[in-house]
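Same chain, two versions here, written out as C-alpha cells and called structure 1 and structure 2.
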Structure 1
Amino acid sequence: MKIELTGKVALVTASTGGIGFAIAKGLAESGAEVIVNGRSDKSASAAVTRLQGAVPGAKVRGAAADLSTADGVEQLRKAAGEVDILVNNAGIYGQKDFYDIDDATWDAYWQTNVMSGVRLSRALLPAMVKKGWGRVVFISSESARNIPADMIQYGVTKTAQLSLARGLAKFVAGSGVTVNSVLPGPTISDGFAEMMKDEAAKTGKSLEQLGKEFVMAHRPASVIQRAATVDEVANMVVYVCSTQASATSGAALRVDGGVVDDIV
C-alpha cells in the first residue's frame, strides 16, 4: 500500500513538537501540503524550517494561534482557509490531585482539549462535505477509557473527544468525509519529556528507559511493555487520513500498546 496525499491540504493543530509534529511530518512525506500550528510565530516558523529539513520539497505553512480560546481558533481558521484533512491534536495534560483542580483549570482543559476540536470541525467540515472527501481525526488517549485517578480533568476531556468524533461521523454519514479518533498510550513526546525532566536530571536515565519504567509502574497491562514513539502514533494517523482508509469512520483506533486490557 502506498499512501498518496498529493493535492490534499492538512491542518495539524499543536504541531510544533511532539506527536503533532510527527503527524505533520508523516502527512508531508505522503505528499500533503501541511499547515503547522503552535502558539507563537517563532515556534511555528521553527517547525516549518524543521519540517522542510526533514522532508525535502515539502509544502509547509506555519500558523500561530493559541487554541485555548475561541479567538485563537478563529485566527487559525482564517489563516488555514479550506482544508481536506483536520487533525485535532492540541491537548494539555498533567497530574493533579482532584481536590486541587479548580474551575479555571477544568475550563482550560475543556477549552483546549475539546472546544478547539468542536470549533475547528464546525468551521472546516462544510467544505469537506461539499467536496465529497475529507478526514477529521481527534487525538484522544487511552486515558479516555482508563481514566487516571491523578488526571481526571484530562481523562474527562479525552472521553468527550470519543463522543464528539463518533457523533460527527454520524452527522456527516455518507458524505465521503470520515471522522475518527486515535487513542495513543504513553508516548515519548516533548510533553512527556517535560513531565519526566526532574526524574531524568536526578537519575541520568534516558527517556526510553523512563518511558518503560513509567509504563511498567502505571500501565502494567501494556502488551508492548514500553512507551511508544511519536512516529508509531503518527503512522496510525497518516493511515486513517489516507484514501485507503475510506471504510473506517466513527471508529476509536488504539495505538496504545495494549494498555487498555480489552479485546476491542
Structure 2
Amino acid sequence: MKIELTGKVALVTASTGGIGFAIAKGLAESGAEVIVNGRSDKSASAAVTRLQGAVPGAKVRGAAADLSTADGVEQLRKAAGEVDILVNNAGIYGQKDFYDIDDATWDAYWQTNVMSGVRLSRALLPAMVKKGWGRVVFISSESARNIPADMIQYGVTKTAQLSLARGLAKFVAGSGVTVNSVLPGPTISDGFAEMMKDEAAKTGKSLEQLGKEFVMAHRPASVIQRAATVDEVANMVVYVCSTQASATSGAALRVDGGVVDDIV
C-alpha cells in the first residue's frame, strides 16, 4: 500500500515533539504540506527546521498558538487557513490525587484536551465538507477506556474525545469527510523520556528497557509487553488520514499494544 497525500494540507496540533512530530513527519513523507504547531514561535520554527531535515523537500510551515484558550485557537485558525487534514493532538496530562483536583485544573484540562478540538473542528470542517474530502483525527488514549485512578481528570477528557469524534462523524455523514479517534497506549515519547531521565541516568538502562519495565509493572495486560514507539502510533494516524481509509469513520482505533483487555 502506498499512501499518497500530495496536494493535501495537514494541520497537526502540538507537533513540535513526541507523537505529534512523528505524525507530522509521516504525513510529510506521504507528500502532504504540513503545518506544525507549538506554543511559541521558537518551538514551531525549530520543529519546521527539524522536519525539513528529516524529510528533504517537504512543504512545512509553522504556526505558534496556545490552544488552551479560544483566542489561541482562533490565532491558529487564521494562520493555517483551509486544511484537508486536522489532527487534534494537543493535550496535557499529569498524575494528581482526585481530592486535590480543583475546578481550575478541571477547566484547564477540558479547555486544552477537549475544547481545542471542538473549536478547530467547528472552524475547519465546513471547508472540508464543501470540497467533499477531509480527515479529522483526535489523538485520545487508552486512558479513555482504562481510566487511571491517579489521572481521572485526564481520563475523563480522553473519553470525551471519543464521544466528540463519533458525534462529528455522524454529523458529517455522507460528505466524504471522515472523523476518527486513535488511542495510543504507553509510548516512548519525549514526555516519557523526560519522566524517566533520572532513572535512565541512575541505572544506565535504555528508554526501551525502561518502557518495557513500566508496561509490565503498570499495564501487565499488554499483549506486546513493551511500550510503543511514536512512529508506530503515527503509522496508524497516517493511514486513517489516507484515501485508502475512506470507509473508516466514527471509529476508535487502538494502538495500545493490547492494554485494554477486550476484543471489540
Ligand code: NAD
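Take the two forms, find the largest set of C-alpha atoms that superpose within 1.5 Å, and that set is the rigid core. These figures come from a predicted structure and were not determined experimentally. Structure 1's sequence is the ruler for residue numbers, which start at 1.
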Structure number of the form predicted in complex with this ligand: 1
After fitting the core, N235 CA displacement of 2 Å or more between structure 1 and structure 2: no
Would the C-alpha of G204 be classed as shifted by 2 Å or more between structure 1 and structure 2 after rigid-core alignment? yes
